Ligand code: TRP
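The form predicted alone is given below as one chain in structure tokens.
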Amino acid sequence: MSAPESVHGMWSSRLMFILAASGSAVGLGNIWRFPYVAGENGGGAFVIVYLACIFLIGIPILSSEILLGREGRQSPIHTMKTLTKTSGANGAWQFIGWMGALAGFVILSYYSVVAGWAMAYVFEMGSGVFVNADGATASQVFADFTGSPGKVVLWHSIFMLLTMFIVARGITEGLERTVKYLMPALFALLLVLVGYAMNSGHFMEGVAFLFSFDFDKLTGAGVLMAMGQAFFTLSLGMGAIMTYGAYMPKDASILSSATSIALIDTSMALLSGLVIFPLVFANGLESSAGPGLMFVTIPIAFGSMSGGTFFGVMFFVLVSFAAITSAISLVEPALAWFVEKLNTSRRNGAIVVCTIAWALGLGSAFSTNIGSELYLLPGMTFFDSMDYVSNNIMLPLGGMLIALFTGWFLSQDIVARQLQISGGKLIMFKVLVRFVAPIGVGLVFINTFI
């Protein structure tokens, strides 16, 4: 039987767990990547395939990661060590815990850098520099900022210090209190910005971009993108969800919670699209993805509209909130292991883990300036290398192994007890985690290298 509760603390309710896990899932990628990828791959046609992938791949792996965490009640590393022993599985499966914690740690190091850019842009936007700015001006502002090692490191440091402060305060006073206020604030900000976008004069054009059913644009590559997006958007394979699951109340339904998390995450992504694309189209701008959209195109759009400076500031506050709720979940797997291993306080663990992640992040911070010509992998800067290895190798491999371990090697009595299902529902879950989810993630994994 699982331990009654984690030594690190517990979420006060199922709702708090859902908010925390949703905060982990809702991040920078939701705001710029999902809407763009959906619009470029058939709009509503892509969304339908994406939702199918969420239910066939995302939710089964998400549920698996939660149940592993709740059964183990420890950090991912110690949880997998315990569960491999109790299930009589090969000790090599403990690798899942190590890789998840390491992936989260690596992602945190460069995520903090980009989150620092977003925080800095709250003030850049507020300064009025983007009022009636053209593309050249907005591009120059971004290039000047990212080209300054001092500025990038300063905001990287501020964001990491804020993250460290929150996680050091513990589950209830730190993590839970943060998501309790930031997640509703995030949703409220999105709704206000959607209202603003509705008055842009191009709202229906943005709606059409996202939701028109153009199956001609949905290629095989688009289907694989939908699979990949369904997997990556839920923070799977990085240890965060397994760690949060360790703090989940024992009587909360895992499957219904996982479904709620997936729906919240998808809703936030679609709402972000309804904010971004009407403003982009209203100004005849390019709807490209990535930093160019968030830090060049969007500031131009806000800067050319009435009240745009104020709402632009709100947008980057929203982005910063999303980054914080994700970052605190990335710290937790390594922090939990550190506290368990050394029997030390969360405060000491937070200082050590965040300081090491901050130091590693300096490589990414310098990738846009003094280290722009230093390559870690062929043709890739330090930043690009960290992003590639974590997102294209560690996360899909971790998610695939989680599904396979849960479906084939974990005691099925544990699976049935944790999910509180039996009969046909249990058989369906086994089919999804044993075959459908691993094959889906495997295809995404292989497609990355092809």
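In this text, residue numbers run from 1 along the sequence as written. Take the two forms, superpose them, and find the largest set of C-alpha atoms that agree within 1.5 Å; that set is the rigid core. All figures in this text were calculated on a predicted structure; none of them were measured in a lab.
Below, we refer to the form predicted together with the named molecule, which is not included among the displayed structures.
No residue of the trio Pro35, Leu210 and Thr266 has any heavy atom within 4.5 Å of the named molecule in the predicted complex. Residue heavy atoms within 4.5 Å of the named molecule in the predicted complex occur in exactly one stretch of 357 to 365, 328 to 336, 276 to 284, 115 to 123, and that stretch is 328 to 336. Site annotation in the predicted complex: the residue of Trp155, Phe232, Phe105, Phe321 reaching within 4.5 Å of the named molecule with a heavy atom is Phe232. Note on contacts: among Leu401, Met394, Val49, Leu28, the single residue with a heavy atom within 4.5 Å of the named molecule in the predicted complex is Leu28. Not displayed here, the named molecule is kept clear of Met242 by more than 4.5 Å at the level of heavy atoms in the predicted complex. Among residues of the shown chain, Tyr111 is one whose heavy atoms approach the named molecule to within 4.5 Å in the predicted complex. In the predicted complex, at least one heavy atom of Met238 sits within 4.5 Å of a heavy atom of the named molecule. The Cα position of Trp32 differs by 2 Å or more between this form and the one not shown after fitting on the rigid core. Superposition of the core reveals a Cα shift of less than 2 Å for Ala403 between this form and the one not shown.
Shown in the overlay between this form and the one not shown, fitted on the rigid core, is a CA shift at Ile54 of 2 Å or greater.
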